[in-house]
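Here's a solo chain for you in structure tokens, the form predicted alone.
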């Protein structure tokens, strides 16, 4: 039975059912994803050629062109990382994890509903600055002293901070709920080692979130104190920028793994199904996840190599940054080994999964270079870092979209159109490569400038930005195809049956 049938508006507003909450996360994160995607397209339009005019940037009341451009960059980053990719994983987690472990529902259903509504309102509040005098324009890292009243006197930072506080409430409720559900509500005959890989990765994800998000909350409350109550946590005289850097990046770098871990679990579910083989090295993957989760909270200082920190600390963090690549390399090797000698089929779900593996390898390899303080000193503020980061997050996005194609039949009872799906994949895959690869060559162009071309050297940058902008349009069109496929297949898609992929995990046998 299609779960969307016979649901009144009041039912959706008051539901605590884990499947309903998962679907609401799904639709809300798609909304935020398209907002973030549109912002990225506007950024690309501004950068596609040297000396581009700024008239179209001046429409926002109270903002000059530079401030509005910085607002787009800030909100694109915040929305895509905090309100799209990671929450989309939680859409599937809410729907699938209780089914995979044989639980009737989440341990605390009302808390689960609370986590969704605070997430939704948090995202809307954070983005509302665009209609209330200007959104935050300080970058998604909210570096001090840019966030002070002296440099950001409007409502943008306040609204973004309020939205993030609501998000942290959502995260806290959700993480506690998942930990209790996974550890204490499994069916009686399921040992913890028998859990499917997606459930395993969600367990590590929520443990990591419960570790790092309180640090972000502390930093935000200190920032509120500085802005509203004249405290002095982040003022220059107290080396406040360094304090903010430590607090934010203790949260910010593990957040990359918060985004990544669920995607690895999705790949570990999808790849074996379409290779018609058991997952290779499941225990090795679990051990690697343990090591990677622990290391993720002791690498944050590599974001601060150019701030004048203690040289010994810099060396230690260089080593830990290099070490953390090892467990995730092991996971990639296990996924690739699963394919070896398999009877591989290539439905759209598997194409996205394999594309995610390829894109992630590029993102990971290019990130290893940044563990060197000498190299990082030159590349930190350039578009090389933008390319590396977006290759990594691009891989995550492809992996999560693979899960959409894989679990859409479970959630809606129909299979997404394969012809449209393959158009979506090739547009997304090659569009991502075309968008991000040229940026690797901009190792001398500063980030977050909206006009360039003052001399012949800067004019060369325009060639790379032109092709990156073409790639962004290709990605955008591909996502329009995806949206059309989601809507059309809901009513006209081929009926899925109980287990269309012949999956072995028990969500496919659940009612």
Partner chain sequence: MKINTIRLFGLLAAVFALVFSNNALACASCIETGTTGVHAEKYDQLMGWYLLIGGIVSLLVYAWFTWLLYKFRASEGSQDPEDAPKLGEIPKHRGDPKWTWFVTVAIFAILMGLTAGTINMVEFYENPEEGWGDGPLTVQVTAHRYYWEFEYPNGNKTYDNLIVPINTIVILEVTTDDVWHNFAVPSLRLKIDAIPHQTNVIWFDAPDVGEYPISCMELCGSDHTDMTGNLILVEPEVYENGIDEDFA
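As the structure is a prediction and not an experimental result, all values here were calculated from the model. Positions refer to the first chain, counted from 1.
Quick note: we don't show the form predicted in complex with the partner chain, though the next part is all about it.
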Pick from 221-229, 409-417, 200-208, 305-313: which stretch has non-hydrogen atoms within 4.5 Å of the partner chain in the predicted bound form? 305-313
Go through 108, 121, 430, 132 and name the one with a heavy atom inside 4.5 Å of the partner chain in the predicted bound form. 430
At 4.5 angstroms, heavy atoms only, are 361, 365 and 443 all close to the partner chain in the predicted bound form? yes
Answer with yes or no whether residue 482 is in contact with the partner chain in the predicted bound form, where contact means some heavy atom within 4.5 Å. no
Answer with yes or no whether residue 272 is in contact with the partner chain in the predicted bound form, where contact means some heavy atom within 4.5 Å. yes
Can you work out whether residue 26 and the partner chain are in contact in the predicted bound form, taking contact to mean some heavy atom pair no more than 4.5 Å apart? no
Under a 4.5 Å heavy atom criterion, is residue 70 part of the interface with the partner chain in the predicted bound form? yes
Enumerate the residues of 118-154 that have a non-hydrogen atom within 4.5 Å of the partner chain in the predicted bound form, in sequence order, or give none. 137, 138, 139, 143, 144, 145, 146, 151
